[in-house]
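Shown here is one chain on its own, the form predicted on its own, set out as structure tokens.
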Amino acid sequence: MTLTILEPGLLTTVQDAGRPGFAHLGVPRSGALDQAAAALANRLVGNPGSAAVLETTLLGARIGVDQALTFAVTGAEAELRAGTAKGARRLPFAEAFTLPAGTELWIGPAIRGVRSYLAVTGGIEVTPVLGSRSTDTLAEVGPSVLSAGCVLPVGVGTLTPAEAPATVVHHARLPTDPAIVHFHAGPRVDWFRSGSLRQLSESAYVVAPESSRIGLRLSGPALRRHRARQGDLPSEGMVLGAMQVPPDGQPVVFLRDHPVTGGYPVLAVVDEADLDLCAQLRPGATVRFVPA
């Protein structure tokens, strides 16, 4: 059983729960940026939560269905359509649906949020690398970013698709305006001027267009260093959610394809519970940071 990528949109990749434990080799954990949305899509089609899914970005994708298969799409809200020689029909979002062979599945542009997740019963069965099928866009580990014409193998499903669509759980995870993101004090607070954490919590930041799977780039009041701390740190280990601050004072929150080391000081670390939310913040969205 296979799927064929007809139009990959802005960025479509294969993702799963990631490959933690290889930072000492210079390999980030990668995986779906919105882990809860990916796990929900898998649950709806009867997969284990760690099965590989497709992650689309903002503009959706068009996919050819080569055999009859069951799907679900979660994450960023999008219009879904199935097309055959007999015409097209709308499909439910955050619910399981079955498509016959010869169907084209359209995942439309994101209406709310950034990243949508397509799960198929049996999961995407590309070859795992270091125990994961995830595409790492920084270290280039795992399958390549998907392009038109890519054919993806699908595994054999072993579980029963969930009957409840769980749309209430899904919608609760998309951003509000402004989005509220909780943080903990980072290891290099002493590199910044007195009151920098208070400034962070009292200011509004805007998501920059340069944001990616590597990091959420933000624009707002500059977080200035202490006068005695103007050089760069020796490279040190970075963790998921670390808020690194370059010399221009504009913070960057590291997401799942982040580098494993860095030389800019970390002022704060985003709470793990809010990392899925960070995955769905669109360029131009307003973010308020709140102490955890």
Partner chain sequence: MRAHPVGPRALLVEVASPAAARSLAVFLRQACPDVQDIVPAAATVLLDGIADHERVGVVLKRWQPTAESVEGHGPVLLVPTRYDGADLAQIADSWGVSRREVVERHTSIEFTAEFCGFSPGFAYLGGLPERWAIPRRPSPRTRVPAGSVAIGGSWCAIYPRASPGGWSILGVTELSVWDQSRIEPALITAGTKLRFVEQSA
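These numbers come from a predicted model, not from an experiment. Numbering follows the first chain given and starts at 1.
Not on display, but discussed next: the form predicted in complex with its partner chain.
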{"query": "Position in contact with its partner chain when the complex is considered in the predicted bound form, options 101, 111, 185, 145, heavy atoms within 4.5 Å", "finding": "185"}
{"query": "Heavy atom within 4.5 Å of its partner chain in the predicted bound form - residue from 250, 235, 67, 50", "finding": "235"}
{"query": "Partner-proximal stretch of 220 to 228, 256 to 264, 54 to 62, 38 to 46 relative to its partner chain in the predicted bound form, 4.5 angstroms, heavy atom", "finding": "256 to 264"}
{"query": "Touches its partner chain in the predicted bound form: residue 269 (any heavy atom, 4.5 Å)", "finding": "yes"}
{"query": "Interface membership of residue 130, its partner chain in the predicted bound form, 4.5 Å heavy atom rule", "finding": "yes"}
{"query": "4.5 Å heavy atom contact, residue 180 to its partner chain in the predicted bound form", "finding": "no"}
{"query": "4.5 Å heavy atom contact, residue 20 to its partner chain in the predicted bound form", "finding": "yes"}
{"query": "Any residue of 12 to 44 that, in the predicted bound form, places a heavy atom within 4.5 Å of its partner chain", "finding": "20, 21, 22, 23, 24, 25, 26, 27, 29"}
